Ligand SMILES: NC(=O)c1ccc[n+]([C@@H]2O[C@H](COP(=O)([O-])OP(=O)(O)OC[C@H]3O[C@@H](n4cnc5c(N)ncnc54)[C@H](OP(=O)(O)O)[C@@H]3O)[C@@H](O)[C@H]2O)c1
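The chain below stands alone, shown as structure tokens; this is the form predicted on its own.
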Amino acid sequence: MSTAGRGPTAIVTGASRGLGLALAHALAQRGWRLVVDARSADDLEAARTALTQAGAEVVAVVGDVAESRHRGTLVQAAGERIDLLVNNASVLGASPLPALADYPLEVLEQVFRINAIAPLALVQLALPRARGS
């Protein structure tokens, strides 16, 4: 997919609500091409519609950043050049926060997978397409 002649391209994870959606809207208003994701298809479609109405070219990819295949799909959707990567997708984990001695390990593994490992893996995939690399 060629991105020649287009505005800058950003990947924004967790873009269906909150900070991710607000950042995507700000980028849309500035002429950015957006690749956005979220786990909820309905929420992501609503975000895609709103961002498109704001004038952005938007590729919406439903999925979980913890999955390697999904991260690859995001990078492929961005095309040849990625100007910005916003690793916004996250989970809170157990709440209220338990003592580490009582923290369910499967929940903690999910928190680390989504909040630490997935963002680093996405950066590693996107870096070769980053402007100036």
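Small disclaimer: the values here were computed from a predicted structure and weren't measured. A residue's number is simply how far along the shown sequence it sits, counting from 1.
Only in words, not in the display: the form predicted in complex with the ligand, which the text now covers.
Peer 1: Test of understanding: in the predicted complex, would Gly14 fall inside 4.5 Å of the ligand by heavy atoms?
Peer 2: The answer is yes: Gly14 has a heavy atom within 4.5 Å of the ligand.
Peer 1: Any chance Arg39 has a heavy atom within 4.5 Å of the ligand in the predicted complex?
Peer 2: Yes - in the predicted complex, heavy atoms of Arg39 and the ligand come within 4.5 Å of each other.
Peer 1: In the predicted complex, does Asp64 have a heavy atom within 4.5 Å of the ligand?
Peer 2: Within the cut-off, so yes.
Peer 1: Do Ala94 and the ligand come within 4.5 Å of each other in the predicted complex, heavy atoms counted?
Peer 2: Looking in the predicted complex, residue contacts with the ligand do not include Ala94, since no heavy atom lies within 4.5 Å.
Peer 1: Looking at 31-39, 77-85, 48-56, 97-105, which stretch has residues with any non-hydrogen atom within 4.5 Å of the ligand in the predicted complex?
Peer 2: In short, 31-39.
Peer 1: Looking at Ala10, Leu125, Leu23, Ile114, which has any heavy atom no more than 4.5 Å from the ligand in the predicted complex?
Peer 2: Contact check passes for Ile114.
Peer 1: Can you tell me which residues in 73-90 come within 4.5 angstroms of the ligand in the predicted complex, by heavy atoms?
Peer 2: Contacts from 73-90: Asn88, Ala89, Ser90.
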